[in-house]
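In the form predicted alone, a lone chain appears below as structure tokens.
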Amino acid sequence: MTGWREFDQNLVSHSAAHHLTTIQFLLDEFGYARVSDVARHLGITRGSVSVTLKGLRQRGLVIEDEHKHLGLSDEGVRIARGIHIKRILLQTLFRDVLGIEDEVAEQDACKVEHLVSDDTADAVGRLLHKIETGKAPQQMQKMMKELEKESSGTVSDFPSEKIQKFAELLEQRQTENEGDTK
């Protein structure tokens, strides 16, 4: 299992991602953002916001003017918009392709939006675009229809025996593929 250490190497934490995207939202929606606005939007204290913003300011992602209005640097805007787009893509993948209930899809997308690489997000976007435009391979369209039929709505006994066996098959295939490339 390689790459698990990369988890700690993410550009921003889950909390920082929420702060950046909230500032961007407030700027887009109202034209300004203050610490109190961010705190109210996130449902946390002004003190908690200040602690997170201190680190984001030090990294040059958040700026503050003489009137205590918050803004984002060009890099801060890029990161915030990227996280927002990843959330949209992942939520759509989970809900529309995998058939996950909207609320769960939204929560899961929120959990991973800042962890997913730009490469993976781009691939998800390309996949969704192919599906949207009807250019997905026939095999994928057939598989999606079968998944829709099999969807049980809730998963209380994960992993089911069927999923366990399928995961073992996938793991075996991955091991074989790795052996082929060596």
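All residue numbers are counted from 1 along the displayed sequence. Remember, it's a predicted structure, so these values are computed and weren't measured experimentally.
As for the form predicted together with the DNA, it is not shown, yet the points below apply to it.
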Answer key: of 131, 26, 115, 35, within 4.5 Å of the DNA in the predicted bound form (heavy atoms) is 35
Even though the partner isn't displayed, in the predicted bound form is residue 58 close enough to the DNA, meaning a heavy atom within 4.5 Å? no
Are any of the heavy atoms in residue 127 no more than 4.5 Å from a heavy atom of the DNA in the predicted bound form? no
Taking the shortest heavy atom distance, is residue 121 within 4.5 Å of the DNA in the predicted bound form? no
Does residue 22 make contact with the DNA in the predicted bound form, using a 4.5 Å heavy atom cut-off? no
In the predicted bound form, does every one of 87, 91 and 95 come within 4.5 Å of the DNA, counting any heavy atom? no
Across 23-59, the residues having a non-hydrogen atom within 4.5 Å of the DNA in the predicted bound form turn out to be 34, 35, 36, 43, 44, 45, 46, 47, 48, 50, 51, 52, 54, 57
